[in-house]
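Below you'll find only one chain, the form predicted on its own, shown as structure tokens.
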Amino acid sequence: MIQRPRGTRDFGPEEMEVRRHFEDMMRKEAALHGFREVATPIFEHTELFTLKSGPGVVEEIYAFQDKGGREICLRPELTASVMRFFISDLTNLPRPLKLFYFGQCFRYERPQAGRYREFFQFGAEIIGSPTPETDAEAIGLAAAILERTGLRDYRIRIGHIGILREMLARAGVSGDAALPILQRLDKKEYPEAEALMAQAGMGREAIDGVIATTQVTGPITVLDGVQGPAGAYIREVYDILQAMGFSNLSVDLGVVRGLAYYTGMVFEVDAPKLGAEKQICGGGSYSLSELFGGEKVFSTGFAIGFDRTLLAIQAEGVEFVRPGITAYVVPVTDSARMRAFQVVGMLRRAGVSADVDIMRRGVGKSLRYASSINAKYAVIVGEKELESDSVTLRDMASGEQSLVRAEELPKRLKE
């Protein structure tokens, strides 16, 4: 028997109902915030991601040569694809350009709880100007999406990578040389980060200052000891988010997001009920377009790990009520079968979700099946109903039945 590839999953009908339900919630919330959906290919030229993350990323992704000898890979994330799309086709659209997307991504890593080789991301990007309003709007959308799903126990941690970059630059470490250090700080690998800073010629006092800064966390007042424009910038983002009604905010200067293209505000969202693997969203402001041959443009965005978010929703006990269909049509006799198909066709054309018995079951078994698929009503068609051009409408919850003229059935069910 052929098994599915390691790190992938199959989703049954009930699982897909849950996934589509929350996916649609996220889409609707993004549209409410003025974002518009885009889609990009599942595979891209490998160079798109090596330019952004370096050649070492090839070891972590599904990269291969196609039949034409081109270096191709399955996309490991969506931001680079969206920015490539922006540069090639969307630069003339009015700004700010507010885009969102949902799709599969692929990474070759060890599967574990909430982490797969094929996974799903919901993300958004704002392409416009470098203002606190832009950053706050991105964070606000991420928070609003999570709240719409029913998630309540989540924490937003906001930082600014410019603070650490400036400290490293003052100590003589800037540009690409700073990236390995930031990556270690992002993973809280302090001994490794200290060793890299020492190798770069930084003194003990400068190293201790960087480490101490990454450990600055807490309410907005922790920024009182942070000098410079970055601290003031975070305060402004913080104030805008509070004005929009978000209160579960904290400052965390240890949020590094160790990728080279992040330039300013960075943030992460945690769901504490997930334990050690609690991060469900991350993002920040970045500069990426010039790397792909476009003009330099300010962007900010985020990605929500859809699979891990569903685990957080489940951990909180958020209920999902399976929608079911409105009507299940049951022919009582062989002579009523054609009429049953006329009725189900009429309902579907009227926009009423409906199904019909195609197994030639008896009435009792058909009603049990209607209950198992969570149908709200059974529409029974028998000899008596044929004679009066009517149907018997049965409420599956209460068991109450009434005779309804067939032509009035769509209106009755819609009401």
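A quick note: this is a predicted structure, and the numbers were derived from the prediction, not measured. Residue numbers here begin at 1 and follow the sequence given.
Omitted here: the form predicted in complex with another copy of the chain. The next part is about that form.
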Problem - Tyr108: touches another copy of the chain in the predicted complex, heavy atom cutoff 4.5 angstroms - result: yes
Exercise for the section: Find out whether any non-hydrogen atom of Ser353 is located within 4.5 angstroms of another copy of the chain in the predicted complex, and reply yes or no. Expected result: yes
Practice task
Answer yes if any heavy atom of Asp89 is within 4.5 Å of a heavy atom of another copy of the chain in the predicted complex; otherwise answer no.
Solution key: yes
Practice task
Consider Ser372 of the chain shown here, and say whether it contacts another copy of the chain in the predicted complex, taking contact as heavy atoms within 4.5 Å.
Solution key: yes
Fill in the blank from the handout: From Ile72, Leu274, Ile211, Val226: within 4.5 Å of another copy of the chain in the predicted complex by heavy atoms is Ile72
Problem - Candidate stretches 249-257, 162-170, 212-220, 331-339 - the one whose heavy atoms come within 4.5 Å of another copy of the chain in the predicted complex - result: 331-339
Handout entry: Members of 64-79 lying within 4.5 angstroms of another copy of the chain, judged by heavy atom, in the predicted complex
Key = Phe64, Asp66, Lys67, Gly68, Arg70, Ile72, Leu74
